[in-house]
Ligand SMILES: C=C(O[C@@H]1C=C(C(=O)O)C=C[C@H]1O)C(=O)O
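The chain below stands alone and is given in structure tokens; this is the form predicted alone.
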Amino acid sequence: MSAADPAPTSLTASRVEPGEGAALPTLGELRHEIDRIDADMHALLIERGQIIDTLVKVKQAAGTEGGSAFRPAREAAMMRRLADRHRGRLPLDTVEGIWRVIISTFTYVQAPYAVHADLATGEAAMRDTARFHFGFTVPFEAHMGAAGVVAAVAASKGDLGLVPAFSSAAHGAWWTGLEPAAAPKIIARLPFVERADHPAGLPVFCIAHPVADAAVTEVEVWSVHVAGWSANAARAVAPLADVIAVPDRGLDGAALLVSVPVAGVGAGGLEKILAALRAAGASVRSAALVGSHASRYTHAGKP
């Protein structure tokens, strides 16, 4: 706005969206209204930053500062609400991207962290995913292989790791590195809101040192080792869980990453899956919980 422009004044809703036969606002009035909204949004971001400053002080006083400030349960719920209430001309992709940058950057302000990403299955798609969900302020560290991501997160204080949430025999069973009690765990599955033509729709697991009060356990993720893995065994568990399988310890052995929807399978969900494997002729060697995340949330979009 130039010095000659008058101060913005708020237009009433009837002027911004006039009824049939009503006079339209002038271009100048609309531009002033846009300037007012921009200033209000900036002021709210500044106010949000002041609240984060206070939040950090509260954590310091309570002795709870440290580790990752990433809260997957809260963020998943926030993004679901955002998608459900959105309307109007502005694409949901843009709105989600803006909110992801705001949330991730303020998380970084609370407790600096880096994002480690496995680029072995496609550099462009993984970089787009990392930048869409975490912005450009958060440092990005590239790795060629999921095992390197797991090792980097394990050696950090509060970093996050992104690995593809689909099968790749070249990677091997990278999730076995999550089995020890002190190891990082899967804490989220991105994107939080799935839809057709998502600009960062690559399905990825987010791993980090677990934060008990921030966990969401709608889906439990288990590392399972079996002997006698076969097409029959794969068909037996397919209706019960999402399974990633790679060869392990011999021709008929397999390491499985099993995502068990707690609500869908019900109590004793893992036991039902293990029973299905045994009934199909597989022998279960071991099973270890390696994380959890929010259930997949699909948004159909609006015309």
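Note that the coordinates shown come from a computational prediction; the quantities given were computed from them, not determined experimentally. Position 1 is the first residue in the sequence shown; the rest follow in order.
There is another form of the same protein, the form predicted together with the ligand; it is not shown, and what comes next is about it.
> Decide if the three candidate residues Thr176, Glu179 and Val243 all line the ligand in the model of the complex, where lining means a heavy atom within 4.5 Å.
No, the candidate spot makes no contact with the ligand.
> Would Ser223 sit within 4.5 Å of the ligand in the model of the complex, counting heavy atoms only?
Taking the distances in the model of the complex, the answer for Ser223 is no, it never comes within 4.5 Å of the ligand.
> Hey, in the model of the complex, is Gln110 touching the ligand, heavy atoms inside 4.5 Å?
Contact check for Gln110: yes, within 4.5 Å of the ligand in the model of the complex.
> Might Ala69 be said to contact the ligand in the model of the complex, defining contact as any heavy atom within 4.5 Å?
The answer is yes: Ala69 has a heavy atom within 4.5 Å of the ligand.
> I'd like to know whether Ala125 contacts the ligand in the model of the complex, with contact meaning heavy atoms within 4.5 angstroms.
Output for Ala125 is no: heavy atoms all beyond 4.5 Å of the ligand.
> Which listed residue (Ala83, Val219, Ile103, Leu119) meets the criterion of a heavy atom within 4.5 Å of the ligand in the model of the complex?
Among Ala83, Val219, Ile103, Leu119, a heavy atom within 4.5 Å of the ligand in the model of the complex occurs only for Ile103.
> Would you mind picking the one in Leu30, Ala275, Ala39, Ile52 that has a heavy atom within 4.5 Å of the ligand in the model of the complex?
When the ligand is considered in the model of the complex, the option within 4.5 Å is Ile52.
> Based on heavy atom distances of at most 4.5 Å to the ligand in the model of the complex, which listed stretch, 253 to 261, 53 to 61, 30 to 38, 233 to 241, is the contact stretch?
Heavy atoms within 4.5 Å of the ligand in the model of the complex occur in 53 to 61.
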